[in-house]
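First, one chain by itself: the form predicted on its own, in structure tokens.
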């Protein structure tokens, strides 16, 4: 587990893909909305287009969150820029675009938001996605800002992050806590372990905390469930509704 100086302490509430219950996920509008609602950190996903450009997008395919069709990995950045990424959520967001990583980091820096950048490679592009994403982030992220938290389900991507940006903390993404989670966390030199909130148990939290790692969970929108998780010792919650959980966490 890396030692971070100065101490690294993300807030207990992080806006998942921005304020994604109030604006289309992973768009600049969602990040702006998160800031308006009082979030101090956001989480977002990074994938590569067909021409190797890093964009902020979650799915392998375009249909759910744009008016396009097909695979993101087979779509050029120029073609992606022609798609509407807002109308599916609400007509008020018509014309919202899939942002590039550069646009996203620039906006977050302007707003003073911290961030968890999840490396979300399309199949077979683990190393390439991590190398390009980390390279762009190293060039753009302000040195005076809190370090980026780099997370991934992809073990190869986390290895690249460890090699290219050892100064940035890493989060090991899991579904439920696996039998070999500790070996995986040690291999990644992880700072935190991120687990599906519906699969975690109180004893899992205790096990991870006792091993010296922070515990973060996704995705929680119910205040009662959030309060339970914090009682168990959870360090951070990813939520689509930061305005609901922030009052419980003291803002």
Ligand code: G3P
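Residue numbers count along the first chain shown, from 1. Just so it is clear, the structure is predicted and the values come from calculations on it, not from any experiment.
Absent from the display: the form predicted together with this ligand. The rest refers to it.
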Query raised in the report: in the predicted bound form, does each residue in the set 16, 58 and 120 place a non-hydrogen atom within 4.5 angstroms of this ligand?
Result: yes
Report task. Select, from the options 179 to 187, 221 to 229, 201 to 209, 41 to 49, the stretch whose residues sit within 4.5 angstroms of this ligand in the predicted bound form by heavy atom distance. Result -> 41 to 49
Report task. With heavy atoms only and a cut-off of 4.5 Å, decide whether residue 116 touches this ligand in the predicted bound form. Result -> yes
Query - Distance check, residue 173 to this ligand in the predicted bound form, heavy atom within 4.5 Å - result: yes
